[in-house]
Each structure stands twice: as structure tokens, then as C-alpha cells.
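Okay, here we've got a single chain as C-alpha cells, the form predicted on its own, with questions on binding and movement later.
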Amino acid sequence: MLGSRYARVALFLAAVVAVQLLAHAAEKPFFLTQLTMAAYYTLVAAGLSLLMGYAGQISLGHAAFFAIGGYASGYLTTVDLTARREGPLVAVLARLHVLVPHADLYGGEALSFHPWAAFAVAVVLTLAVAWLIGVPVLKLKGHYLAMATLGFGTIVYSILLASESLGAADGLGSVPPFPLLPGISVGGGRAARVANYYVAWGLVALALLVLSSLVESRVGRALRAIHGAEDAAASMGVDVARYKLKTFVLSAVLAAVGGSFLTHFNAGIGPAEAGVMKSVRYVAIVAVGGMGSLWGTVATSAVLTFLSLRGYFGTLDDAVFGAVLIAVMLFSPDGVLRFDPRGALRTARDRLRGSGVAG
């Protein structure tokens, strides 16, 4: 099991390198920018795959966690605390280099959170929100749980859209990049495009390693038992509420990490990232990739997100995505990586007959 897990991650990283080399050979460096953005969205899908495919809990609010991570990190690195420099808390944070001076839009000096300090605060904030939301919401099941998480996502979207301090409909801008190495930063411009690409997909590889380790551990067996039958799992001594809550929080934190990194990469974020259709799209990606397949979800998310970001389908993007979803549910309901050509037509025919459509 251990060797297989690391072998899959190694093959995944080899594929990442191969794609970068192909983009360079084809003189299409812009592809790397799109693929980098796709990686950060894939982090959300990977966490949601664990929650839905193994714990059996559906969430239509994960776009909200993505936005919370991005907005929290972006706001803290752009808010100016110069006027409060003499305050005891601000003074302590400045001495600890949590707050750092930087040039503002008008050439003056502003005092804001260091990007990595802001990132840490964003992750902790998302963890706390997910915990507070998860405790009452995860007591619900099925479509009741889906509607509750949908309501949470709608609330977050409305707050972001109405908050002037967060840019309202325009969102946040001028967000500084994450400093990595001298001369290299996440979102640091064209020269750092390749470095950004490897950072993004390195995060996805790390997430896959952690999630696959969980799936193959005792925790994974407990989650599968909960997915199969909660009452039976509880009767066997599985702490159902604790496992569901921790899985929910972990998936939310992964979404926040993706949101924070994408915000610093793009130098901004808008309220559309918390939109309901974003959450629906993440759920659909997990369904297309296969409910219990982390690798299928990552592959599906990478391809479909890249095509959407490239704008290949224009205004028909959602229609094409819907057609893909319908086709997969008909011909390969277990996900694209488990497609069986011989049984696909038979499965579709049986379903049509059962619905009374076919003779």
C-alpha cells in the first residue's frame, strides 16, 4: 500500500513536469498560468472528494470556504494599519515582523500583514468557521445537509457582495504575492511563471499524499463505514460525529488554502468565487471523477477547469459541463477512471428501459 501510494504521487509529479516541458516546447507559456489556476481549484475538489466519496457528506458551500481563505488573506495584506502603529497590539506585531511596511498605491508607506502571516490567519479563520458550521449542520443528512450548506454559501456570498471594506462587487485588488525564494514569489509576474506552476501542483501532490494516506488508514476505514451505514458504524464504536466533523474541517481548510494561494497569484479576488454555481461545479467535478476516487477527481478537475479557464466553450461552458456530467452518469456512473466500454452501453440501455424510454 505504502509503495503504491508513493508511486502514484511520483507518476503524478512526472506528469506535471511533462506538461511543463510540453508547454515550453510548444511556446505556450500562458498555458502554465491557466494550469496553475486550475491546480488551486483542484485543491477544493480533492478535499470535497474525501468528504463526499468517503464520509458520504455532501456540501454545496465549499466555494464559500475558498472565498473566506482568499478574502481573509487578501484583506490582511492590503489593509493599512499605519494609523494604529502606536497601539500596543500593532506595535508587538510589527516587532515580530507579522506586520511589514510596504509602498501603497500613492507611493507612501503602508503597514500590513506579511503574506505568510495573513495566510496562517486565513487558514485558522476557515478552520474555526468550518468547525462552528459543521457542529450543527452535520447532524443533518441527505438533501437537508445539502440545503444547509447551500444556505451558508449564500450568506457568505451576500456578505462579500455587500461589504464595502472588502471591495463589494469589485472585490479585492493589489494583493501582494507570497515570497518564496529571493527573486521568486507566488504571483510574482512572468519570470516566476514556471515556479508558480510547480508550487501549485506541488501543493496538489502533497494534498493527494495526505488524503490517500488517510483513505488507506484506520480513519479511511471508519469513513467508509460511515458512508455505508452510519447507524451500523456507530454501533461498532465509530465516533460518527467526530469523524464527519474533522473530515468537513479538513476539506474546508484545503479549499481555503487554494483560495488564498489563488488570490495572491492573481493579485485579487471577487465575490463570484463564493457563488452557488461554483459550489455546484465542485460537487459535479467530484461526481464526474468518481465519488470514491481521489485521482479521478484530480484528473477531471484539472482538465475541465483548464478548459473553462481557457474559454474554449465561451458562453456554452456550463452547457458543455452539464453534457459531460449527463454522459458520465449514463455511461460511467462510478467515474471517468472506471469507464468500462463493454458495459457502458448496456448500463445506459438498462437505465433507459427502467425509465420507460426505450422499448
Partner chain sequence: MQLELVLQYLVAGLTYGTIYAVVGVGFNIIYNTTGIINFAQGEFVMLGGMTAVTLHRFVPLPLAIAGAVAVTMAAGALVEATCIRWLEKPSVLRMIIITIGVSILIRELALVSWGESVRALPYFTGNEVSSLTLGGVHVSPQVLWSLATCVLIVVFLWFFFQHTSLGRQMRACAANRDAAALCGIATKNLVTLSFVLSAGIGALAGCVVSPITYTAYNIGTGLAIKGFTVAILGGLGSSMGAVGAGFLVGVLEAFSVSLMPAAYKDAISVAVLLAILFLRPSGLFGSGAAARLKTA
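Residue numbers count along the first chain shown, from 1. Everything numeric here is computed off the predicted structure, so don't read it as measured data.
Same protein, other form: the form predicted in complex with its partner chain, not shown, and the subject of what follows.
Next item on the list: Assess the spot marked by Ile159, Ser163 and Pro333: is its partner chain within 4.5 Å of a heavy atom from every one of these residues in the model of the complex?
Entry: Every residue of the candidate spot has a heavy atom within 4.5 Å of its partner chain in the model of the complex.
Next item on the list: Please check if Tyr144 has a heavy atom lying within 4.5 Å of any heavy atom of its partner chain in the model of the complex.
Entry: Within the cut-off, so yes.
Check: Does any heavy atom of Phe113 come within 4.5 Å of a heavy atom of its partner chain in the model of the complex?
Finding: Phe113: no contact with its partner chain in the model of the complex.
Next item on the list: Using the partner position in the model of the complex, report whether Pro136 sits within 4.5 Å of its partner chain, counting heavy atoms only.
Entry: Yes, Pro136 sits close enough to its partner chain in the model of the complex that at least one of its heavy atoms falls within 4.5 Å.
Next item on the list: Using the partner position in the model of the complex, report whether Ala272 sits within 4.5 Å of its partner chain, counting heavy atoms only.
Entry: No - in the model of the complex, heavy atoms of Ala272 and its partner chain never come within 4.5 Å of each other.
Note to self: Please pick out the stretch from 58-66, 304-312, 41-49, 28-36 that is in contact with its partner chain in the model of the complex, where contact means heavy atoms within 4.5 Å.
What the structure shows: Single hit among the candidates: 58-66.
Note to self: Please tell me which of Ala148, Ala94, Leu125, Ala205 lies within 4.5 Å of its partner chain in the model of the complex, judged by heavy atoms.
What the structure shows: For this set of options, the contacting one is Ala148.
Check: Quick one: of Ala120, Val280, Leu81, Val129, which gets a non-hydrogen atom within 4.5 angstroms of its partner chain in the model of the complex?
Finding: Contact with its partner chain in the model of the complex is made by Val280 alone.
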